[in-house]
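Next up is one chain by itself, shown in structure tokens, the form predicted on its own.
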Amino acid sequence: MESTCTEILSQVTDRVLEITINRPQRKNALTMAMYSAMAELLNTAADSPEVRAVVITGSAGVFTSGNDLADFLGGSASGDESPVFQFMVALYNFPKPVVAAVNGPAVGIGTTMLLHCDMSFAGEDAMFQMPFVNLGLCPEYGSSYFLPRMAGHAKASELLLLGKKFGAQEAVQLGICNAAVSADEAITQARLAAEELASRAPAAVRLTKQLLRRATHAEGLQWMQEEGAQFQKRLNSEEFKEAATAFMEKRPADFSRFD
């Protein structure tokens, strides 16, 4: 099962598909081509008897620093036909277990995609952040729906409104990750969990995952679509333009002139 993008690596071992975000020169920032490749891998794996579980990780001690801003500004980021949304839906609807191994930065979608993984293991060097408001944007990928249900309203408000960074131990306390381990153990633990899942009765595993998610699945997808529509509007806002310009100019954004 081969990736269509050189910056997304893939291999299948013992019925476990491992997807590695591999753009270390840009801290594994995600481009549209990378999203498309990951969506294609997941959609193929969903129907393949060769795959019973998936591991998602990043190379060079980084999970992902989020979206590549220059590439992100080059096209529609949140329309139903966009590579970003196609990846989101592919992961959200994936019928088999997905396990994440997180080291270093997990920014933006690097954190929010974990809300849709079945298990996650964080290295002690992991650092999480959902800085959407800091960029003049709004939450994505159902994060304003799922995060309060995991972490409680007050903590979700703190993380989404202030865009604060938090570490591996706090990610475990919030219910985003299963365990915080040494940096070199995150991928090992994720692989072990995926291998164990792949050894279980496959239909029983798929049904259990379906049942675990049934109560929120339809409403969560609707929420993702609503967030996506609002996110698209925010991309055309003056606040986002200021944030993007400030990022390119390597200065703090100044929102003082906005109402």
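Given the structure is predicted, the values throughout are model-derived calculations rather than measurements. Just count from 1 along the sequence shown to find any residue number.
The same protein has a further form, the form predicted in complex with a small molecule, not shown here; the description that follows concerns it.
Stretch 126-134 is the answer when you ask which of 146-154, 185-193, 126-134, 81-89 has residues with heavy atoms within 4.5 Å of the small molecule in the model of the complex. The partner is absent here, but in the model of the complex a heavy atom of V107, alone among L160, L115, V107, A171, sits within 4.5 Å of the small molecule. Shown without its partner, this chain lists L69, A60, L221, A229 as candidates; in the model of the complex, only L69 has a non-hydrogen atom within 4.5 angstroms of the small molecule. Taking the partner from elsewhere, S65 is found to have a heavy atom lying within 4.5 Å of the small molecule in the model of the complex.
Using a 4.5 angstroms limit between non-hydrogen atoms, R26 touches the small molecule in the model of the complex.
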